[in-house]
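First comes one chain, alone, set out as structure tokens in the form predicted on its own.
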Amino acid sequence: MEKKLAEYKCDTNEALSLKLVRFPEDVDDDGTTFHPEYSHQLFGDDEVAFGYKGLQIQLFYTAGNLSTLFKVKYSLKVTDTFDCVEPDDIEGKIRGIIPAGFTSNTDDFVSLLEKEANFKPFGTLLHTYTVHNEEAGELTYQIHKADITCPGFQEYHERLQTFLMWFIETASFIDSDDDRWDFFLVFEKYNKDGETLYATVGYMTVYNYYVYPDKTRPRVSQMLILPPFQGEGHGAQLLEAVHRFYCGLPKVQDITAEDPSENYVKLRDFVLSKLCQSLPAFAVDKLPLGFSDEMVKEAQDKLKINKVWYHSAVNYHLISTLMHCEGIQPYEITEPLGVFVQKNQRELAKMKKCLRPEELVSHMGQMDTRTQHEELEKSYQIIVEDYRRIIERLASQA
């Protein structure tokens, strides 16, 4: 009996199919399908559904507005063979996270594609950039800032946040009614029958905490780039646009993140080190003068860098600069710094791209703030010591 019942178990990560549909033919195109990284929040730690053979769960979304098709199909149900065994309530579990208004009829879903031309990005345009695609050429993307007051946005966000359950291990839905939330959305512009349409690429949520007496501290809560767009650099573009936005607000004290994962920290450090390069105190001709209080002040005042983040961002900046300084050879770098450089060079490509969503921001801290600060401080002291040694060597050769 146990062996026979085991035949009715299905891996929910394989059974669940997700799509972002632009054209009617995408519905039946397996090439547009992607699957969850996680499904344990609905189906338990083993990520298994019981009671079905040939289980297929379809969650398809129109690419822009995210209008939803939800269907459950299977070849055989356990109650067809065993009267005393109940199958899992697949539909009930999925209905618990997707908002009302979805359809279970494929024809009705396809007809919704005709309304995609009416969909426009929410909020204010912050940034436009292009990405080269080997097949499609130059593709244009936009980053918008929205809030809950934007007409239609709350309903759209309820559909968008369902992706969190499948791609962030410890995800939870936020109270979007709170007006302290800011939303940053990434869209791709594309052409369909001569019209310009928009596809949802990813998003970030930021909560604005109050800081006495008159400041705010924006804290990144969630960040997700949808799987069809991962590996194209959208994560770095989004994070940089968000930092530039808040850096321009005088009431912002600093920018933080809610329990950042290790790889989110790497992505953030890459973005902040890039922004540091635009500051006068970090100009290449000033670096030989050594580390200065001016660097600290500019990074904190102009980039709103939190103290815990500061040393890590400067580390990356010093490393990247040292490796390009004329006259410095690899053998002139001591082993601790050399290992650090080699490791981060290997990771540079990852930092430039959007990593897998669960690697970006998680709700479970990877290490507490004090431990993180101690590690960054230790790493920073190694960098500074080697930096000064190299500068002294160059000066003695001048």
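Small disclaimer: the values here were computed from a predicted structure and weren't measured. Heads up: residue numbers just count along the shown sequence, starting at 1.
The same protein also exists as the form predicted in complex with a small molecule; that form is not shown, yet it is the one meant from here on.
Option touching the small molecule, based on a heavy atom within 4.5 Å in the model of the complex, out of E294, E232, E240, E158: It is E232.
Heavy atom within 4.5 Å of the small molecule in the model of the complex - the one residue of F282, F183, Y264, Y246 that qualifies: Residue within 4.5 Å of the partner: Y264.
Residue stretch of 221 to 229, 175 to 183, 88 to 96, 109 to 117 approaching the small molecule in the model of the complex, non-hydrogen atom distance within 4.5 Å: Correct option: 221 to 229.
Proximity of I168 to the small molecule in the model of the complex, heavy atoms at 4.5 Å: Judged by the heavy-atom cut-off of 4.5 Å, I168 is in contact with the small molecule in the model of the complex.
Partner proximity in the model of the complex: F270 to the small molecule, non-hydrogen atom cutoff 4.5 Å: Yes.
4.5 Å heavy atom contact, L126 to the small molecule in the model of the complex: Outside the cut-off, so no.
Contact of A236 with the small molecule in the model of the complex (heavy atom, 4.5 Å): A236 belongs to the contact set for the small molecule.
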